[in-house]
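Next comes just one chain, in structure tokens: the form predicted alone.
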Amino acid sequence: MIPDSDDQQAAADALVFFGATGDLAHKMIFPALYRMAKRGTLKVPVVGVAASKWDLTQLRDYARDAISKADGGVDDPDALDRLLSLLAYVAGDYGDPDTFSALRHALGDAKRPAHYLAVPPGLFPTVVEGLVGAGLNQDARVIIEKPFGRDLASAKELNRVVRSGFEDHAIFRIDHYLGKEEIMNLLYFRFANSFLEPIWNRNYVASVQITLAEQFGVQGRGAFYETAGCLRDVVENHLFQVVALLAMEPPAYQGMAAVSSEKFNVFKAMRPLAADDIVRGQFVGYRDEVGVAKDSDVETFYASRMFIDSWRWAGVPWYLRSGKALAGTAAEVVVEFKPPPQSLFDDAVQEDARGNYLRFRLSPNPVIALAARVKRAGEEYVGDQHELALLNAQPNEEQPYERLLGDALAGEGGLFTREDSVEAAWTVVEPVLDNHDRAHSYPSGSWGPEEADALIAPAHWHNPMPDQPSPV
């Protein structure tokens, strides 16, 4: 897809990395920068900024350790050396103007830095104010991490703060899910194939299910999860983005700006959730986690039934589900089609028979599968449903942070979240942020609380099994 002229800007000539000694840096960012160095796409100085009283040697050791522990480890020593040679470090308090004076000195002749705020959202105003005070926002761009607020009001305030120092075209909001190859393929598969369009609507689609399941728990991040919960952590952003790609209208012209506009239209058409549209759950043992309140009602599981009040999707239920400590780790979409209007064969209309469906396995082991009924051998007209599956794993594919940081440095905004879409998504979930029943408990290793089954009845949840063929 050709980037729009509005989305393409001059390439940044430096990357400033706030939070360079943090956990996100170790797990995601340094491995991504290393992969960029391997591909030859990272050639600008990288200035780490953090409050830790480190020196450059310590930062390089931290980066080397992060890369050695990532998948693949250090398999290109020359690329690692190139990355380490690009690093610089500024230690200081984000609220101290001297920190930003030191940053200006470290940037040297750089004129178009990209400032990546890999810090808690509560520090965004402090960092933006420091950048503006030092004049480091001129001809620069800013990259911020989700969550983009905790509700509609805080999202609006966050947007106001960031826009106080940067124009909208210079703001890049990272939701790493948008950088996944499998998510990008949803957009490609929908609009690169003509056979889908005639049936991709309320006349033929019975329902859509989206599941993002994690077999692990909160992994020692209980204190963080107490401030977020499943709805804020993944549903309002990750799963809503998947919905938008599946439900959007064909863009009017070729370009990512047109795609972003159509996604925004989906968010605007989403019916705001009500208390009886959702089921919240909490796995047994969550309250024993460090940093978790003994009477916590924070949800580690969330299921919702939602509707998109558009011409294409009116009346079609969309079922979204995500949770921790579930029976497996997988992300999957199942689009179930309505049965034929008249059945010639009794076995195809049994009460427990599933309709034809299209299945997108997003992770692990990406798969696109179409389920169709096929007659058994013999004289009787009896058949079974089988999947026609396309394995879609890509060797040596770009990882999300590698792709998104590269796009931000290049000035390509297509895979980033727009301000209006952020606020529209919060509008959908705003009614249930506080108006909801208590979370239902569920055992670890299950598929969540039984109450979620009533949400989708008389249909059933499709439970993806990551290491086995999907049941049909």
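Residue indices: 1-based, along the sequence shown. All values derive from a computational prediction rather than experimental measurement.
Missing here is the form predicted together with a small molecule; even so, the following discussion is about that form.
Enquirer: Within 4.5 Å of the small molecule in the model of the complex, do we find a heavy atom from each of H176, K180 and E214?
Expert: Each of the three qualifies.
Enquirer: If contact means a heavy atom within 4.5 Å, which one of 265-273, 191-199, 216-224, 122-130 is the stretch that engages the small molecule in the model of the complex?
Expert: Going by heavy atoms within 4.5 Å, the stretch is 216-224.
Enquirer: Report yes if any heavy atom of D233 sits within 4.5 Å of a heavy atom of the small molecule in the model of the complex; otherwise report no.
Expert: D233 belongs to the contact set for the small molecule.
Enquirer: Using the partner position in the model of the complex, report whether H115 sits within 4.5 Å of the small molecule, counting heavy atoms only.
Expert: Close contact is absent here: in the model of the complex, H115 is far from the small molecule, nothing within 4.5 Å, heavy atoms only.
Enquirer: At the 4.5 Å heavy atom threshold, is K324 in contact with the small molecule in the model of the complex?
Expert: Looking in the model of the complex, residue contacts with the small molecule include K324, since a heavy atom lies within 4.5 Å.
Enquirer: Could you tell me if K146 has a non-hydrogen atom within 4.5 Å of the small molecule in the model of the complex?
Expert: Yes, K146 lies within 4.5 Å of the small molecule in the model of the complex.
Enquirer: Can you pick the one in R305, R361, R373, H238 that has a heavy atom within 4.5 Å of the small molecule in the model of the complex?
Expert: Residue within 4.5 Å of the partner: H238.
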